[in-house]
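Below sits a lone chain in C-alpha cells, taken as the form predicted on its own.
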Amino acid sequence: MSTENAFQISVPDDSLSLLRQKLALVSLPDELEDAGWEYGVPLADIRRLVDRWANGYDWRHHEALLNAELPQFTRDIPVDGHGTLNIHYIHKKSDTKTAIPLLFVHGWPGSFFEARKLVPLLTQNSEHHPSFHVVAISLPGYGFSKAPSKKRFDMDQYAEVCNKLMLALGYDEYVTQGGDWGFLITRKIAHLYGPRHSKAWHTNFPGGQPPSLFTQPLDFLSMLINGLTAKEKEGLQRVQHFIATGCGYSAEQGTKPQTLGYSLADSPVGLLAWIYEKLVAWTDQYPWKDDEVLTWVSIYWFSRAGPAAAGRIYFEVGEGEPAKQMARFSAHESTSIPLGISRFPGEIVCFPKSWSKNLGKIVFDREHDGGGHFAAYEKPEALSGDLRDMFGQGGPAFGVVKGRNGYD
C-alpha cells in the first residue's frame, strides 16, 4: 500500500511574481458596442477582475484558508499502462465512527475547491441525519495531482484511480457523488467496481436517452400520448441552446487541446476569461464575488501540471470527435447499485425524468427550484440534504455500506 503524505498548498514566490508580471503586461481586445454577453465575457468584467487579481487579491490569504479548512494529502496510485500518478485529495473524517465513506468527483472547470462548502456539512455528526467521511479527489491533471503523460487516459483509468484511492484509505466499501465528468467517472466506478466496492452512487448531472418502444414501452407510449410537461420542454430548450451556442469550448478541447493549451498556459487573463464564462453561464444567477472567481481560477493557474492538462479529458473521452464525446453522457452502461439523482433547473443539460431510467437502479430522484451546474458550490445545503435523505434512516440507500450507516 502506498504511503499517504500530508499536503499544504504552497505556491512558490517565483510563481506569484511571474503572475504579477504577466498581469501587468496584459493586452486586452476591443469590444463592440452593446455586446453584453452575446459575444463572450464582457470587457468590463475582465478589466475589473484583472485589476483585482493584480492589485488587491491576496493569494497567500486564500491559500492559508484552504489549508486551514481542508485536510489535504497526496498518495501514489499505480494505473495500469500509465505508471504511477501522485494524487492530491481532501480527506475529512467525521467524528462519527460509523460515518459513510463518500468520494466526491468533480469535473471541468472544477476542482477539489467545488467541495469546499459541502465537506463541513456532510461531516457533521447528528442524531437526525447521517454523517460522512468525505474524500474529494483532484483528478489526474487537475489541481495538485500529477497529470497522465501517455495517451488514452479514459474513464476506465479515472475510475481505477478513484477506486484504488478509496481502497488505500481503508474504505473497502464506499459511495460516490459526482457531476459533469464526475457523472461519467462515478458511473464507470459503479459499473466496474460495484457492488463489491462501490455500493451506491449519486449525481447532480444525469444523462439519459429518450425512451424507445423496445427499452421503455410505457414511457414511450406516455410521451407519444401526453407529450412533455412545460417544465420538461423548458429543460430541452435549455439543452438545445447549450448545444447551439455553448459548446465551442468542448469542440476545441475535444479536438485540439494542445493548440488551445499554449494560450491557457501562457496567459492568466486568457485562462480567466475561459473559465469565468462558464462560472457565470452555467450557474443559476449565483452572486459570484471577485475573490471567489480568482481563487477558483488561481488553482488552475498554479496547478501542478499547468492549466492545459485538465482539458485533455475531452479529447480522450471522445477520441478526438466531439460528437462521440457528447454521446458518452447519454450512452447506456449497466450498473446494479442504487442511484440517486438531484436535479437543478440551471443545469446545462436538463433531460426529462423518463430519459434517465436507463441509467440504472434509481432509488432517489429530487427536483430543486434553484441551482445550476456547480451544485456542491452553489447549493451545498440542498445537495447535502439530498445525500442525507438518500442514505439516512428511512432512506432508500440506508445501510448500503456494511457497518457504516452514518450514525453513532
Partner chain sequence: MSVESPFIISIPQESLSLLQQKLRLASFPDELDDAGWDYGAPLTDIRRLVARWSNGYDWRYHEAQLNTELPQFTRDIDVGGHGALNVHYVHKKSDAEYAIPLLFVHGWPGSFFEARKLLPLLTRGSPDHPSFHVVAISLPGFGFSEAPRKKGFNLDQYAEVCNKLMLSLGYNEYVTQGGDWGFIITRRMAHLYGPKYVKAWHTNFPGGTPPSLLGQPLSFLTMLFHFLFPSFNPQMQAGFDKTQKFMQSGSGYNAIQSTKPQTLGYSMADSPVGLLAWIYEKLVVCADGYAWDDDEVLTWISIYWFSRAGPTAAARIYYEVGGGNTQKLGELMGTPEYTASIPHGISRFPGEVAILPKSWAKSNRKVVFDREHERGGHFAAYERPVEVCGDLREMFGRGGPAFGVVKGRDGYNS
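Numbering follows the first chain given and starts at 1. Treat the numbers as computed from the prediction; the structure is a model and nothing was measured.
Separately, the form predicted in complex with its partner chain exists; it is not shown, and the next lines address it.
Peer 1: Only one of S303, Q325, S267, S94 comes within 4.5 Å of its partner chain in the model of the complex by heavy atoms, so just point that one out.
Peer 2: Going through each option in turn, the one that passes is S267.
Peer 1: Tell me, which of P352, P380, P345, G40 has a heavy atom within 4.5 angstroms of its partner chain in the model of the complex?
Peer 2: Result of the distance check: G40.
Peer 1: Could you tell me which stretch in 55-63, 366-374, 353-361, 26-34 has residues with non-hydrogen atoms within 4.5 Å of its partner chain in the model of the complex?
Peer 2: It is 26-34 that comes within 4.5 Å of the partner.
Peer 1: Looking in the model of the complex, any heavy atom of A273 within 4.5 Å of its partner chain?
Peer 2: Contact with its partner chain, yes.
Peer 1: Going by a heavy atom distance of 4.5 Å, is Y171 a contact of its partner chain in the model of the complex?
Peer 2: It does not: once its partner chain is placed as it appears in the model of the complex, Y171 has no heavy atom within 4.5 Å of it.
Peer 1: Indicate whether T245 is a 4.5 Å heavy atom neighbour of its partner chain in the model of the complex.
Peer 2: T245: yes, in contact with its partner chain in the model of the complex.
Peer 1: Are any of the heavy atoms in V119 no more than 4.5 Å from a heavy atom of its partner chain in the model of the complex?
Peer 2: No, V119 is distant from the partner.
Peer 1: Counting only non-hydrogen atoms and a 4.5 Å cut-off, give the residues of 250-267 close to its partner chain in the model of the complex.
Peer 2: In sequence order, A251, E252, T255, K256, P257, Q258, T259, L260, G261, Y262, S263, A265, D266, S267 come within 4.5 Å of the partner.
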